[in-house]
Structures are given as C-alpha cells and as structure tokens.
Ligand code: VGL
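There is one chain below, alone, in structure tokens, taken in the form predicted alone.
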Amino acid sequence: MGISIIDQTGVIVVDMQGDFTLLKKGSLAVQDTDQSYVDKVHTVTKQLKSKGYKIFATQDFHPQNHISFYTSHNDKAPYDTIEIEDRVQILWPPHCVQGSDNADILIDSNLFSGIVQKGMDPKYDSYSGFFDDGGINTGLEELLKSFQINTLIIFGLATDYCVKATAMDAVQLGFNVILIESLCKGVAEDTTLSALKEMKSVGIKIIPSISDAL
C-alpha cells in the first residue's frame, strides 16, 4: 500500500502561545485572539489529528536577555528598530520567556508529533520555524522529512510575522504550502495584507477555511 495524501501532509500550528493572545493578556497580544479564536484553532487541530494528519507546533522560546527585547538595549522603547550586522531588528516587549506561563502553547500538546522551539539564541531573532535570523536550522525541516511530508497546512500567529516567515521558508525548502487564513491573525492590517500578497506571489495557496483544504 502506498503513502496517502494525508500521510504526506503535515500541519504546522505557529506560535499559539499565551503572550501572543488577548486571552492570556499577552505582552504581544494580537488582535482578535480571544477565547473563541483559541477554541477554534484547538478544535480544528483536533479534527485534523483525528483524520490522521501529523501535527507539529512552533514555539517562541526566548532567554531573558534576548536581542529582540527592548529591555536588552539602553534607552530603547518597544517597537523601536535598530540595525545589527546589516539586518533590521524590531525591538519587542519581552515575550515567550523560557519558563514563563505565557511561553506555553495553548493547544493540547498530546496532539503534536513534534514541537520545535525557536529564538533560543540570545543573539538572533527567529520568526521562521525553520531558521533563525543567523541562518541556523531549527530542525523542523528534518523532522518533517522524517515523516515523508511534502505538503504543509499552516496557521497560527501572527500572519505578518512568524506565519509568513515559516510559510515562505517552507516554499524555499520545496514544500507545497496551504495557508488557512481564518485560523491566522495579524499584528496590523497593512502588514497582514502585504504578507498575504507576498505569500501568494511565491505560490502559497491561501484559502479561507480548513474545509476548503480537505
């Protein structure tokens, strides 16, 4: 018996963590991330698991002195930008600090075949689930390939940052990518629209709901 489409399709739930939600009063809470949104993502993830899809998660997991925190720089405020080694770094409020409650993933961990932590190197941010800003591999690609996965269904937080970066890198690595728009939320309307346009331009299939993917 050959490998089925379900066997070759993985699901990545991006950064569904307390600090990115209004539900947990997170330091970087994204708009419209209340209880109903988190429940919806959890329900869909369970449904996909029950159908046989392999589910994976990315998790921001920063040390307290992370370079992306404005508190790690003198005389800087949240959302300032600085230039480090020819890359622009947005300075965020401290978030998803290792060991903190709001670093926890809000979806039942028993649903996941693997959780990939990112942003652990204090010197580099890591929006993508595949590589940090220094180009270091997180191990996600190898994990997916160990399950013979070639197609990814992606959703989570936030559309214009970690979802986009993860989806774009997935395409670069040769995966087919489907983004479920209704299960993603963005930081700002303009950057979210720009992110969706950019993702479409590289062949990512953006669909309204999970029912359109199955």
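What you see is a predicted model, and the numbers here were worked out from it, not measured in a lab. Start at 1 with the first residue shown and count on from there.
This protein has a second form, the form predicted together with the ligand, left out of what is shown; the following refers to that one.
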According to a 4.5 angstroms non-hydrogen atom cut-off, is F130 in contact with the ligand in the predicted complex? no
### Message
If we define contact as a non-hydrogen atom of the residue within 4.5 angstroms of the partner, is I154 a contact of the ligand in the predicted complex?
### Response
no
4.5 angstroms heavy atom contact with the ligand in the predicted complex for F175:
no
Using heavy atoms and a 4.5 Å limit, would one call W92 a contact residue for the ligand in the predicted complex? yes
Answer among 141-149, 175-183, 41-49, 160-168 for heavy atoms within 4.5 Å of the ligand in the predicted complex: the stretch 160-168
Of the residues spanning 8-34, the ones with some heavy atom within 4.5 Å of the ligand in the predicted complex are D15, F20, L28
